[in-house]
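As structure tokens, one chain now follows by itself in the form predicted alone.
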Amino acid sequence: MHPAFSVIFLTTLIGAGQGLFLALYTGQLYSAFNVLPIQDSHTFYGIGSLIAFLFLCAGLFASFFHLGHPERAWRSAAMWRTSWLSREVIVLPAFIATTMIYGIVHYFDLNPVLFTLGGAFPVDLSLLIGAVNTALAFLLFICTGMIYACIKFLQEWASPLTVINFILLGTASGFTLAALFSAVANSGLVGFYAGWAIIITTLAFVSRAASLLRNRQIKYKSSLATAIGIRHSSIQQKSRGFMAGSFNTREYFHGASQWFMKSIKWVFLVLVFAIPLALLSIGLNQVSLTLLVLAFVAQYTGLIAERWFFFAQANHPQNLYYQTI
């Protein structure tokens, strides 16, 4: 497939925003159970939610460059009963709005205790909003991943690993960003977030490596014989039938060389996993703002390369017919 950078930035930016919110809410839950020190609601959760909100809005803005008629974007939600894309279009604004409300409640201290569980655990308004938004975050990950995993004829995508990778990669980048934000805010939670970022990044590496190995062993259901409807043991294609390019040859093939495809795979493996894991491990023992900035920048840059590879690796069956150029 031909990777569209609008979709690449959409998925990576909202993934980081989702991950950052999940990191903030995880820290709040730990604090509520007195496992972590309580953070200032105004500066930590309020500003942190604003950063997550900005990432989400940037991703939403990038998505409009993928539309031929942005003024008709609202129509994309009409098929929510059958389309994962329509469901994503509904869930994404809901998640953005709830993230904004979560941040406002913290920033302006509009956070009364609603009730107490077991006589010892107070449940305030932000905990309830955060629980709803956590469900929306995972639902958004599922909707985004299923847009691609539900396409059965693109065998590289048609796997539960697609959804799992979207969840783990987005969450990993969010927790890495949370470690950086904690260092800037001087919150004392750098070790907590860096430790979780290491764990989630390691899980993401296992999952992504599993998908790469799976895709190497795919036995394609389509062949040149099925593409042109001729049953013969030996078929050679001499021409694609026309000289100029077309929509099909532009949009369903990346046009990159095999060398480039192999190179970018190793590039994203190093940037998304190796470098951040090394820098975050150092950050556990030695809080360094520079190292944490480098960890997030390297990981996010690698995610752009990873998402490009994800789209480019999908081999549309129509390329069997147009393979000779």
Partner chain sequence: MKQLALVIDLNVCVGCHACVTSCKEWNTSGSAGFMSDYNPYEKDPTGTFFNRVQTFEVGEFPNTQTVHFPKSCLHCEDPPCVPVCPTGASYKRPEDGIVLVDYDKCIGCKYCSWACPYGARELDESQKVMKKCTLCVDRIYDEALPESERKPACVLACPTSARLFGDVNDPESSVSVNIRENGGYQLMPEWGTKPANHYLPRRQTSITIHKDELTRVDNPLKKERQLPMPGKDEQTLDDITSW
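Note that this is a predicted model, so its numbers are computed, not measured. Numbering follows the first chain given and starts at 1.
Omitted from view is the form predicted in complex with its partner chain, to which the following refers.
Trainee: Leu110, Leu85, Ala210, Ala94: which sits within 4.5 Å of its partner chain in the predicted bound form by any heavy atom?
Mentor: In short, Leu85.
Trainee: Taking 4.5 Å between heavy atoms as the contact cutoff, choose which of Thr134, Ser159, Gln237, Asn215 touches its partner chain in the predicted bound form.
Mentor: Filtering the options by heavy-atom distance leaves Gln237.
Trainee: Even though the partner isn't displayed, in the predicted bound form is Tyr321 close enough to its partner chain, meaning a heavy atom within 4.5 Å?
Mentor: Although its partner chain is absent here, Tyr321 would touch it in the predicted bound form, with heavy atoms inside 4.5 Å.
Trainee: Does its partner chain come within 4.5 Å of any heavy atom of Phe153 in the predicted bound form?
Mentor: Phe153: contacts its partner chain in the predicted bound form.
Trainee: Are any of the heavy atoms in Ile147 no more than 4.5 Å from a heavy atom of its partner chain in the predicted bound form?
Mentor: Yes, contact at 4.5 Å.
Trainee: Report yes if any heavy atom of Phe138 sits within 4.5 Å of a heavy atom of its partner chain in the predicted bound form; otherwise report no.
Mentor: No.
Trainee: With its partner chain left out here, work out from 169-177, 187-195, 200-208, 245-253 which stretch has heavy atoms within 4.5 Å of it in the predicted bound form.
Mentor: It is 245-253 that comes within 4.5 Å of the partner.
Trainee: Using a 4.5 Å cut-off on heavy atoms, which residues of 40-72 contact its partner chain in the predicted bound form?
Mentor: Contacting residues: His66, Leu67, Gly68, His69, Arg72.
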